[in-house]
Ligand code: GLN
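Shown below, as C-alpha coordinates, is a lone chain in the form predicted on its own; questions about how it binds or moves come after it.
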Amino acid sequence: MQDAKTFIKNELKDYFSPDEISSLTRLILEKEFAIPFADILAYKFNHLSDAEMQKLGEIIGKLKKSEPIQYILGETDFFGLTFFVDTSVLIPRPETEELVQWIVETVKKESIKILDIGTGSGCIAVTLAKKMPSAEIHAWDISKDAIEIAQKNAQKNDVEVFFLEKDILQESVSDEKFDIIVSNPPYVTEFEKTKMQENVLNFEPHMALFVPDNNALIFYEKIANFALTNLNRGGKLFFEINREKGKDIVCLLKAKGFKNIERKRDISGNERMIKAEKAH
(Lines give C-alpha, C1' and ligand atoms only; values in the text may rest on other atoms or scores of the structure.)
Protein backbone atom coordinates (compact mmCIF):
# COMPACT_ATOMS: atom_id res chain seq x y z
CA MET A 1 0.00 0.00 0.00
CA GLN A 2 1.25 3.46 -0.87
CA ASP A 3 -0.02 7.04 -0.55
CA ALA A 4 -1.15 7.88 -4.09
CA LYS A 5 -1.12 11.67 -3.70
CA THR A 6 2.44 11.72 -2.37
CA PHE A 7 3.54 9.26 -5.05
CA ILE A 8 2.15 11.47 -7.83
CA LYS A 9 3.72 14.59 -6.33
CA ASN A 10 7.16 13.02 -5.95
CA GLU A 11 7.14 11.45 -9.41
CA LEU A 12 6.04 14.59 -11.25
CA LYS A 13 7.79 17.36 -9.29
CA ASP A 14 10.54 17.69 -11.90
CA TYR A 15 8.06 17.82 -14.78
CA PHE A 16 5.15 20.02 -13.70
CA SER A 17 4.43 23.00 -11.46
CA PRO A 18 2.73 22.42 -8.06
CA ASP A 19 -0.57 23.75 -9.46
CA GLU A 20 -0.36 21.42 -12.46
CA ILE A 21 0.42 18.47 -10.20
CA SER A 22 -2.57 19.30 -8.01
CA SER A 23 -4.83 19.43 -11.07
CA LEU A 24 -3.41 16.19 -12.49
CA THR A 25 -3.82 14.44 -9.13
CA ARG A 26 -7.48 15.35 -9.02
CA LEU A 27 -8.10 14.27 -12.63
CA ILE A 28 -6.34 10.93 -12.23
CA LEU A 29 -7.92 9.98 -8.90
CA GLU A 30 -11.40 11.19 -9.91
CA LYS A 31 -11.55 9.91 -13.49
CA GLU A 32 -9.42 6.77 -13.37
CA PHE A 33 -10.09 5.57 -9.82
CA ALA A 34 -13.55 7.11 -9.18
CA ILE A 35 -12.53 8.84 -5.94
CA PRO A 36 -14.77 11.85 -5.11
CA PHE A 37 -13.03 15.24 -5.08
CA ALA A 38 -14.00 15.91 -1.46
CA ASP A 39 -12.32 12.64 -0.42
CA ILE A 40 -9.20 13.52 -2.41
CA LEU A 41 -8.94 16.89 -0.66
CA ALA A 42 -9.42 15.39 2.79
CA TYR A 43 -7.32 12.26 2.14
CA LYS A 44 -10.52 10.32 2.92
CA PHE A 45 -9.92 7.37 0.66
CA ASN A 46 -8.30 4.01 1.11
CA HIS A 47 -4.82 3.56 -0.28
CA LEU A 48 -4.75 2.20 -3.80
CA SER A 49 -4.24 -1.53 -4.28
CA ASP A 50 -1.06 -2.89 -5.85
CA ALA A 51 -2.88 -3.31 -9.18
CA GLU A 52 -4.15 0.26 -9.03
CA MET A 53 -0.69 1.55 -8.14
CA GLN A 54 0.66 -0.29 -11.17
CA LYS A 55 -1.96 1.45 -13.33
CA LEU A 56 -1.05 4.78 -11.72
CA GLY A 57 2.61 4.13 -12.52
CA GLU A 58 1.71 3.62 -16.20
CA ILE A 59 -0.16 6.93 -16.25
CA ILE A 60 2.78 8.73 -14.61
CA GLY A 61 5.13 7.22 -17.20
CA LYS A 62 3.03 8.60 -20.05
CA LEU A 63 2.85 12.04 -18.43
CA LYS A 64 6.65 12.11 -18.17
CA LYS A 65 6.78 11.56 -21.94
CA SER A 66 4.55 14.65 -22.44
CA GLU A 67 1.42 12.70 -23.39
CA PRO A 68 -1.61 14.89 -22.55
CA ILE A 69 -3.66 13.68 -19.58
CA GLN A 70 -6.82 13.96 -21.69
CA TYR A 71 -5.56 11.31 -24.11
CA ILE A 72 -4.31 9.12 -21.28
CA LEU A 73 -7.71 9.15 -19.56
CA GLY A 74 -9.62 9.13 -22.87
CA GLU A 75 -11.88 12.03 -21.96
CA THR A 76 -12.03 15.70 -21.11
CA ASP A 77 -14.53 18.31 -19.94
CA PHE A 78 -15.85 21.07 -22.19
CA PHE A 79 -18.56 23.57 -21.30
CA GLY A 80 -19.60 21.38 -18.36
CA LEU A 81 -19.99 18.29 -20.55
CA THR A 82 -17.75 15.23 -20.83
CA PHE A 83 -16.21 14.31 -24.20
CA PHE A 84 -14.32 11.25 -25.37
CA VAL A 85 -10.99 12.15 -26.97
CA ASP A 86 -8.13 10.27 -28.57
CA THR A 87 -5.22 11.21 -30.82
CA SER A 88 -7.49 11.42 -33.88
CA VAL A 89 -9.02 14.66 -32.54
CA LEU A 90 -7.73 17.85 -30.97
CA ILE A 91 -8.22 18.32 -27.25
CA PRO A 92 -10.97 20.95 -26.82
CA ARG A 93 -9.62 24.27 -25.49
CA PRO A 94 -11.13 26.90 -23.16
CA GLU A 95 -10.98 29.49 -25.99
CA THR A 96 -13.37 27.32 -27.99
CA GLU A 97 -15.78 27.33 -25.04
CA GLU A 98 -15.80 31.12 -25.38
CA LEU A 99 -16.62 30.81 -29.09
CA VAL A 100 -19.58 28.55 -28.25
CA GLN A 101 -20.72 31.00 -25.57
CA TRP A 102 -20.62 33.84 -28.10
CA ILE A 103 -22.87 31.91 -30.47
CA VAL A 104 -25.34 31.03 -27.70
CA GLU A 105 -25.48 34.68 -26.59
CA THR A 106 -25.87 35.97 -30.18
CA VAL A 107 -28.67 33.71 -31.37
CA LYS A 108 -32.08 35.06 -30.40
CA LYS A 109 -34.24 32.36 -31.95
CA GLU A 110 -33.57 28.70 -31.34
CA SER A 111 -35.22 27.05 -34.35
CA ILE A 112 -32.28 27.56 -36.68
CA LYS A 113 -29.90 25.43 -38.72
CA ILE A 114 -26.20 25.40 -37.79
CA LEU A 115 -23.19 23.84 -39.53
CA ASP A 116 -19.91 23.15 -37.71
CA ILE A 117 -17.08 22.68 -40.23
CA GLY A 118 -14.09 20.62 -39.01
CA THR A 119 -15.95 19.31 -35.99
CA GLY A 120 -13.16 17.09 -34.57
CA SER A 121 -14.39 15.73 -31.24
CA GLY A 122 -17.75 17.35 -31.89
CA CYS A 123 -17.29 19.69 -28.92
CA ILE A 124 -18.82 22.73 -30.68
CA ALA A 125 -21.68 20.90 -32.39
CA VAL A 126 -22.62 18.75 -29.40
CA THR A 127 -22.51 21.66 -26.96
CA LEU A 128 -24.65 23.83 -29.25
CA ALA A 129 -27.13 20.96 -29.56
CA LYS A 130 -27.24 20.73 -25.78
CA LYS A 131 -27.61 24.48 -25.23
CA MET A 132 -30.02 25.07 -28.15
CA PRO A 133 -32.27 22.01 -28.23
CA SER A 134 -34.58 23.48 -30.91
CA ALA A 135 -31.70 24.04 -33.35
CA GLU A 136 -30.82 21.60 -36.14
CA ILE A 137 -27.09 20.93 -35.91
CA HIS A 138 -24.91 19.57 -38.73
CA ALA A 139 -21.19 18.83 -38.45
CA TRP A 140 -18.53 17.89 -40.99
CA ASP A 141 -14.99 16.61 -40.76
CA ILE A 142 -12.51 15.20 -43.25
CA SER A 143 -11.47 12.48 -40.79
CA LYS A 144 -13.54 9.27 -40.53
CA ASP A 145 -11.98 8.60 -37.10
CA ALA A 146 -12.92 12.07 -35.87
CA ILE A 147 -16.51 11.61 -37.04
CA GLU A 148 -16.71 8.34 -35.10
CA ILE A 149 -15.49 10.07 -31.93
CA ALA A 150 -17.92 12.96 -32.47
CA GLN A 151 -20.83 10.55 -32.93
CA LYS A 152 -19.94 8.85 -29.64
CA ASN A 153 -19.88 12.25 -27.96
CA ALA A 154 -23.32 13.15 -29.30
CA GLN A 155 -24.63 9.84 -28.00
CA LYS A 156 -22.88 10.27 -24.65
CA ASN A 157 -24.41 13.72 -24.19
CA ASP A 158 -27.83 12.63 -25.45
CA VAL A 159 -28.15 15.04 -28.40
CA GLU A 160 -28.87 14.71 -32.12
CA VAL A 161 -26.25 15.99 -34.54
CA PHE A 162 -26.12 15.18 -38.26
CA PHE A 163 -22.51 14.19 -38.99
CA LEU A 164 -20.92 13.86 -42.42
CA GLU A 165 -17.40 12.95 -43.53
CA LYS A 166 -16.58 15.90 -45.82
CA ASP A 167 -13.52 17.88 -46.87
CA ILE A 168 -14.44 21.56 -47.05
CA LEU A 169 -11.46 22.23 -49.35
CA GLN A 170 -13.11 19.92 -51.91
CA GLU A 171 -16.71 20.94 -51.19
CA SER A 172 -17.85 23.37 -53.86
CA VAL A 173 -21.55 22.70 -54.36
CA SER A 174 -24.25 22.08 -51.78
CA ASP A 175 -27.93 22.97 -51.87
CA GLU A 176 -28.23 23.08 -48.09
CA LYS A 177 -28.77 26.45 -46.42
CA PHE A 178 -27.75 27.36 -42.88
CA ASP A 179 -28.41 30.23 -40.48
CA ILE A 180 -25.02 29.88 -38.80
CA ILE A 181 -21.74 28.39 -39.98
CA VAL A 182 -19.04 27.96 -37.34
CA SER A 183 -15.51 26.67 -37.68
CA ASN A 184 -12.35 26.24 -35.66
CA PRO A 185 -10.22 25.26 -38.66
CA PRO A 186 -6.50 24.48 -38.87
CA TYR A 187 -4.67 27.80 -38.49
CA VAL A 188 -1.19 27.20 -37.05
CA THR A 189 1.50 27.95 -39.64
CA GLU A 190 4.39 25.57 -40.23
CA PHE A 191 6.72 28.34 -39.03
CA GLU A 192 4.98 28.36 -35.64
CA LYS A 193 5.74 24.66 -35.08
CA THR A 194 9.06 25.56 -33.45
CA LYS A 195 7.25 27.42 -30.67
CA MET A 196 4.84 24.62 -29.84
CA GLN A 197 4.96 22.43 -26.76
CA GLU A 198 5.88 18.76 -27.07
CA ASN A 199 2.53 17.56 -25.74
CA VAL A 200 0.78 19.25 -28.67
CA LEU A 201 3.36 18.63 -31.39
CA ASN A 202 3.95 14.95 -30.60
CA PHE A 203 0.41 13.81 -29.88
CA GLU A 204 -2.32 16.00 -31.41
CA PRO A 205 -3.32 15.43 -35.07
CA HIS A 206 -1.27 17.66 -37.38
CA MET A 207 -4.02 17.62 -40.02
CA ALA A 208 -6.25 19.53 -37.57
CA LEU A 209 -3.53 22.02 -36.61
CA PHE A 210 -1.29 23.16 -39.43
CA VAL A 211 -1.55 25.21 -42.62
CA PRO A 212 1.18 26.17 -45.11
CA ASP A 213 3.13 29.36 -44.37
CA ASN A 214 2.35 30.65 -47.85
CA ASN A 215 -1.41 29.99 -47.58
CA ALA A 216 -2.28 30.48 -43.92
CA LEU A 217 -5.89 31.54 -44.58
CA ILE A 218 -6.73 28.66 -46.90
CA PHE A 219 -9.58 27.36 -44.72
CA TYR A 220 -11.01 30.80 -43.92
CA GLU A 221 -11.16 31.68 -47.62
CA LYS A 222 -12.82 28.40 -48.60
CA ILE A 223 -15.33 28.49 -45.74
CA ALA A 224 -16.15 32.16 -46.41
CA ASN A 225 -16.82 31.33 -50.09
CA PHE A 226 -19.01 28.42 -49.04
CA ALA A 227 -20.86 30.67 -46.57
CA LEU A 228 -21.61 33.21 -49.29
CA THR A 229 -23.58 30.54 -51.13
CA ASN A 230 -24.91 28.48 -48.24
CA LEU A 231 -25.78 30.98 -45.52
CA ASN A 232 -29.31 32.31 -45.48
CA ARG A 233 -29.70 36.07 -45.83
CA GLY A 234 -28.50 37.70 -42.62
CA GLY A 235 -26.86 34.43 -41.59
CA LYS A 236 -23.77 34.55 -39.44
CA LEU A 237 -20.28 33.12 -39.76
CA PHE A 238 -18.23 32.43 -36.63
CA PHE A 239 -14.52 31.58 -36.65
CA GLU A 240 -11.89 30.74 -34.09
CA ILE A 241 -8.69 32.33 -35.40
CA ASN A 242 -4.93 32.50 -35.10
CA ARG A 243 -4.42 35.53 -32.86
CA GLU A 244 -1.85 36.92 -35.32
CA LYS A 245 -4.24 36.82 -38.29
CA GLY A 246 -7.27 38.81 -37.12
CA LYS A 247 -6.71 41.82 -39.38
CA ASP A 248 -6.01 39.61 -42.40
CA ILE A 249 -9.22 37.63 -41.88
CA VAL A 250 -11.26 40.81 -41.45
CA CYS A 251 -9.85 42.11 -44.77
CA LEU A 252 -10.69 38.80 -46.45
CA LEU A 253 -14.29 38.88 -45.16
CA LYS A 254 -14.77 42.55 -46.10
CA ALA A 255 -13.49 41.87 -49.61
CA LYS A 256 -16.11 39.14 -49.99
CA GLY A 257 -18.91 41.46 -48.90
CA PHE A 258 -19.60 40.33 -45.35
CA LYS A 259 -20.87 43.03 -42.98
CA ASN A 260 -21.02 43.68 -39.22
CA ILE A 261 -17.62 42.02 -38.81
CA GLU A 262 -16.58 41.83 -35.18
CA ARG A 263 -13.41 40.60 -33.51
CA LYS A 264 -13.47 39.28 -29.95
CA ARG A 265 -10.70 38.63 -27.44
CA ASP A 266 -10.50 35.51 -25.30
CA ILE A 267 -10.08 35.44 -21.53
CA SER A 268 -6.31 35.80 -21.97
CA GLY A 269 -6.73 39.00 -23.99
CA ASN A 270 -5.82 37.45 -27.36
CA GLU A 271 -7.88 38.10 -30.48
CA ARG A 272 -9.31 34.64 -30.95
CA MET A 273 -12.77 34.91 -32.53
CA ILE A 274 -14.48 36.64 -35.45
CA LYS A 275 -18.16 37.00 -36.29
CA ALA A 276 -19.46 38.21 -39.66
CA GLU A 277 -22.87 38.53 -41.28
CA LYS A 278 -23.91 37.71 -44.83
CA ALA A 279 -25.18 40.88 -46.45
CA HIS A 280 -27.60 39.48 -49.06
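Start at 1 and count along the sequence shown; that's the residue number. These figures come from a predicted structure and were not determined experimentally.
Quick note: we don't show the form predicted together with the ligand, though the next part is all about it.
Trainee: Choose from 201-209, 160-168, 143-151, 80-88 the stretch whose residues reach within 4.5 Å of the ligand in the predicted complex, heavy atoms counted.
Mentor: Result for this chain: 201-209.
Trainee: Within 4.5 Å of the ligand in the predicted complex, heavy atoms considered, which of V188, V107, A135, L73?
Mentor: None of the other options qualify; the answer is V188.
Trainee: Under a 4.5 angstroms heavy atom criterion, identify the one residue in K113, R93, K156, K130 near the ligand in the predicted complex.
Mentor: None of the other options qualify; the answer is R93.
Trainee: Indicate whether the candidate residues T119, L217 and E221 are all in contact with the ligand in the predicted complex, with contact defined as any heavy atom within 4.5 Å.
Mentor: No, none of the three is in contact.
Trainee: What residues of 231-256, in sequence order, lie within 4.5 Å of the ligand in the predicted complex by heavy atom?
Mentor: Going through 231-256 in order - heavy atoms within 4.5 Å of the ligand in the predicted complex - there is one hit, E240.
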